[in-house]
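Only one chain comes next, encoded as structure tokens, the form predicted on its own.
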Amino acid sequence: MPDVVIVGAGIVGAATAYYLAEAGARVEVLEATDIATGATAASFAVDVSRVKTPRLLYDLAVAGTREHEALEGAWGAAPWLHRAPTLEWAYATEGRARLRERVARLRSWGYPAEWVSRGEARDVEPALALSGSAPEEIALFPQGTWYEPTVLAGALLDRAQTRGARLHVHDSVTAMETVQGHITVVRTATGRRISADVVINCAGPDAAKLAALAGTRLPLRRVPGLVATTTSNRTRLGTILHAGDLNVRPDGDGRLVLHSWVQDAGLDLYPESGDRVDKAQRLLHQARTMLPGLADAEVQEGRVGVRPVPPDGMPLVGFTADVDNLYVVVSHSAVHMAPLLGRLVARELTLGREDRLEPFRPTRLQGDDEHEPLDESARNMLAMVTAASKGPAHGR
């Protein structure tokens, strides 16, 4: 079994550590801050299967849903996983057309999707009050799920450690010593010098910086995003809502999580700066227009995270071209995808090459940053952020 160093203790690093330790590998995890405090903690964190394209990525996402369910079965409980139907609609003509195309595509792929009337949508979600500008038909996806990512990351790392993995927090990687394209030593801020057969880059938005320490280049776009959590309130939301540019989901104990790609436009890459408070208040004001029960709610917290987005929107999983023992695991929509990616990576590194990962190798992007995103969710995210950056909000 290999000796493995995993850099990053977000959701991807946690899942990779768990499955490798379970397979019998010797695992050390290095984290510059604390577990699941970066992009993982600032994720909207829902099942994203319904927005994933092309078909190979959709199939991977559906398998990701099953992997969460497999963990639930193996552990006997899944406190991070909450099933809830999803309601989605668009206000603008173009957005309605895209949604209609997506519902038709998903049906042809066998994914549960249907149209309901405004009245039927209210039956599904009694807390909802639709404005006159809302369409007559609402898309319903009965098999939605929202996640508590920090709960899952903590559980994965706890179980990894019971299987022998060692976790080092507040200890960043400062250098990598290489010989002829092979990492021989990983050096950290506290003075550790660690040798391993494989170094796994699970550093998320910092993955490109980590790759540079090893002398290689990793194309990656860093996209800041804000999620706001409300205080407990009278709204008892039982669904996930995607309403134009506004996304809303439950968060337990009467709280809600709010997000908008339009409000993400103009956010600073550094979470300690920018107008996160104003943007979080705008999210709450927008949510109150369709959820009257939020009248007594306040913003409890606004969290900014930086999302790692490869140029084509597809995950990066595999060895790099010019450092033979540097293995990359980076993905947009990582909370949903992490358990599956962690299991497949562990299989590949302990049993042999995993064919399902072939389309996602980092070498496909070698020497070229200009790619049209193939993933629908990444494409729409970048389009909305770009449009909102140029002027007034366009999402409604």
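In this text, residue numbers run from 1 along the sequence as written. The structure displayed is predicted, hence computed values, not measured ones.
Keep in mind that the form predicted in complex with a small molecule is not shown, yet the notes after this line are about it.
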Review point. Pick from 154-162, 292-300, 204-212, 191-199: which stretch has non-hydrogen atoms within 4.5 Å of the small molecule in the predicted bound form?
Key: 204-212
Review point. Is there any non-hydrogen atom of residue 44 lying within 4.5 Å of the small molecule in the predicted bound form?
Key: yes
Review point. Looking in the predicted bound form, any heavy atom of residue 34 within 4.5 Å of the small molecule?
Key: yes
Check your understanding: Is there any non-hydrogen atom of residue 11 lying within 4.5 Å of the small molecule in the predicted bound form?
Key -> yes
Exercise for review: State yes or no: in the predicted bound form, is some non-hydrogen atom of residue 244 no more than 4.5 angstroms from a non-hydrogen atom of the small molecule?
Suggested key: no
Review point. Among 173, 71, 314, 128, which has any heavy atom within 4.5 Å of the small molecule in the predicted bound form?
Key: 173
Point to revise | in the predicted bound form, the one of 95, 144, 305, 318 near the small molecule [non-hydrogen atom within 4.5 angstroms] | key: 305
